[in-house]
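As structure tokens, one chain now follows by itself in the form predicted alone.
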Amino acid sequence: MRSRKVITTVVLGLVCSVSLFARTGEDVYEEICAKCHIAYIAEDKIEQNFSEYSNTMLKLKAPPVSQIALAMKQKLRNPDLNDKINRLEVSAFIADYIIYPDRKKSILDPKISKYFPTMPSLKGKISPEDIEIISNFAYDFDPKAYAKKSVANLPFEKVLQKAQREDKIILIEAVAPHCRYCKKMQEETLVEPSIVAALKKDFITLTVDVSKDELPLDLNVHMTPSFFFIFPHKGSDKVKIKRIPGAWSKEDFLDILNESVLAKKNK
């Protein structure tokens, strides 16, 4: 394995040329990282997702960029060093980690990192220039800027586009913090392997805490949990919506999912 010293030398050679790149941090993030890493989720939701729901509320595949940026700020930035040196340290860490990933190198809280598998190596899949760009993107990440354009877990427009592109159904789960039936669904039904497999195959899921966030499409709830099945039309903003309130057993909820898939095929 290459030493951090070697990777730091590579990063140093890139610093002077960053301004020459037309690609932005958001460009590289969307192209390479967004498949797994959501850019921003509010800290209280992150805390709730892991402490109360063991990642079954948000079902994150990888830590959000906002969480990684916070961990880097707490563990890698040295207030006694200038910005340039701190930026190099962060770049060296990211370069080393994404090329030679190892759980032992993680800077995340172990209570969070345990929910994620070790990422695959990006060796040969990302250029040194893009490594530098994404490093600066993470270093300069501003949660407040992303909070302003965040709707629930992801901007619904992007969720809709993704569903249209992948020909999937959007499933919105409306929950509330003190709803024991929400927690029951999260801990007993939604974690069942057959449910997880069905959701992964045909659905894009979105969890909304209705005590803090508004539901998209002017939807509203009278009880939690409530599930909204959104059937997008390709090439159009028009959608068909089906509402299913209440908590369900594994067998009943799997039937609901299968009926929704069948309804989509027959529409």
Ligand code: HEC
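Counting begins at 1, following the sequence as shown. Note that this is a predicted model, so its numbers are computed, not measured.
One more form of this protein exists, namely the form predicted in complex with this ligand; it is left out here, but the text below deals with it.
Between 108, 160, 169, 176, only one gets a heavy atom within 4.5 angstroms of this ligand in the model of the complex; which residue is that? Result of the distance check: 108.
Please tell me which of 223, 219, 36, 241 lies within 4.5 Å of this ligand in the model of the complex, judged by heavy atoms. By the 4.5 Å criterion, the partner-contacting residue is 36.
With this ligand left out here, work out from 51-59, 199-207, 36-44, 225-233 which stretch has heavy atoms within 4.5 Å of it in the model of the complex. Within 4.5 Å of the partner lies stretch 36-44.
Taking heavy atoms and a 4.5 Å cut-off, does residue 103 contact this ligand in the model of the complex? Close contact exists here: in the model of the complex, residue 103 approaches this ligand to within 4.5 Å, heavy atoms only.
Please check if residue 127 has a heavy atom lying within 4.5 Å of any heavy atom of this ligand in the model of the complex. Contact with this ligand, no.
Heavy atom to heavy atom, is residue 118 within 4.5 Å of this ligand in the model of the complex? Result yes; residue 118 sits at the interface with this ligand in the model of the complex.
Does at least one non-hydrogen atom of residue 32 fall within 4.5 angstroms of this ligand in the model of the complex? So residue 32 counts as contacting this ligand.
Decide yes or no: are 182, 191 and 253 jointly within 4.5 Å of this ligand in the model of the complex, with each residue judged by its heavy atoms? No, none of the three is in contact.
Taking this ligand in the model of the complex, which residues of 81-97 have any heavy atom within 4.5 Å of it? 93, 94, 97 sit within 4.5 Å of the partner.
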